[in-house]
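In structure tokens, one chain follows: the form predicted alone.
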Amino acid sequence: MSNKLAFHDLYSDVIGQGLCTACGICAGVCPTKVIDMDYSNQEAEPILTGKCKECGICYKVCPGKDIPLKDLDLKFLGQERDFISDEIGIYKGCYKGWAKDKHIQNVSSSGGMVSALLIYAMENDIIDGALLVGWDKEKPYRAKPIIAKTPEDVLNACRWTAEAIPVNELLHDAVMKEKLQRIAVVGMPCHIHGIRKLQASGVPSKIAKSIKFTIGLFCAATYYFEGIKHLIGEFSDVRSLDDIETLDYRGGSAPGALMVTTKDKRIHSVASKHDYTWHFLGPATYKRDRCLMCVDFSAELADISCGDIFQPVIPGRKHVVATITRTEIGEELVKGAAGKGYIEYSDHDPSMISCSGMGWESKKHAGMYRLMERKRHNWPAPDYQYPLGQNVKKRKLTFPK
């Protein structure tokens, strides 16, 4: 019997234990391309489509079961932290800002900071392309990972999605097929965990070396698509997903609404973002199980982390993005983009991030406690390497209106 780790080990230890994050990195690093992300059961899940060579790469970079945050903090951010009392991870700067271009602001979910940074990097010869979330042309009500190679690709991408999208599955295609030598990856904390494990291992070397920077998005959870189906079917008069021509999770004015355009050109407003994330999806009704065990809200390993600010921090402006720089390249990108007129930014109080709504609370407190309980009962749970602990933060929690 072989002692090498193979896909069947990944399945038995991670996928079959309910620990897969659906980040897609196993498919994205497989050198023989025999791992695909399968949607036959509605949610993206890795499957083996050919003979596994037992190289062990997929197992080594998977963030489902093992996220060695202490080691990754040291390697990429230069220091350890107090994991229990920590609020937003290790960082260099905490800012608030937005894209200066009005069109970028309008087509983005919350100010266009991420889009503007990517466009700046493309137009100033920093990257050749970026992995992010777009729309499935065959099923326009579903999001999918895409390779953006132009500013137009960035602006046509999905500006926000409630689904778990395996962005990292396109790593191989971007580097080996499209021959992109410098790429950015935009993803949720779990996507960034996988990317950092890949970079730390250095294998596959060509893919690892191609990643120029990462932008992580604040994340309270992603949701099973079944919840989206129920939202559309029970909160609107859209009777079939096949009638949908376009879907937008952040349509209309900030903070946006789930809006659907059907093939008869009618626009249907299903529910406001506040209503569908806080009252329908958000109270764990359709949260993905693995998300309930995650303790990373602000993408703590990314070069730059971005997310909504729900408090009124600038009079008269609703679209403002919290922007945290964690590495030198992250700081350089923000300053470079501002210097060339792509973005505007100013200092932001980091304590406000943990006081804005339930996203931070659901990860750093509820997720932390759930993780402690699962480990106490020896249930399947991810290992974040740092000692776990619970505290009550002295703050005044505010909710978006």
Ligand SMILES: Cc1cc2nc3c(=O)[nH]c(=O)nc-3n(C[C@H](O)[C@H](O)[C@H](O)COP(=O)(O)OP(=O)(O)OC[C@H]3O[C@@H](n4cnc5c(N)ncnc54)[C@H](O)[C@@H]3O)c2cc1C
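From 1 onward, residues are counted along the sequence shown. Not measured: the values here are computed from a predicted model.
As for the form predicted together with the ligand, it is not shown, yet the points below apply to it.
Scanning 291, 165, 174, 247 against the ligand in the model of the complex with a 4.5 Å heavy atom cut-off leaves one residue, 165. Contact annotation: of the candidates 88, 147, 281, 221, the single residue with a non-hydrogen atom within 4.5 angstroms of the ligand in the model of the complex is 221. Interface residue remark: residue 141 is not counted as part of the site for the ligand in the model of the complex, having no heavy atom within 4.5 Å. Heavy atoms of residue 359 reach within 4.5 Å of the ligand in the model of the complex, making it an interface residue. In the model of the complex, the ligand stays beyond 4.5 Å of every heavy atom belonging to residue 192.
The closest heavy atom approach of residue 324 to the ligand in the model of the complex falls outside 4.5 Å. Stretch 106-114 is the answer when you ask which of 196-204, 233-241, 71-79, 106-114 has residues with heavy atoms within 4.5 Å of the ligand in the model of the complex. Taking a 4.5 Å heavy atom cutoff to the ligand in the model of the complex, the contacting residues in 173-196 are 186, 187, 188, 191.
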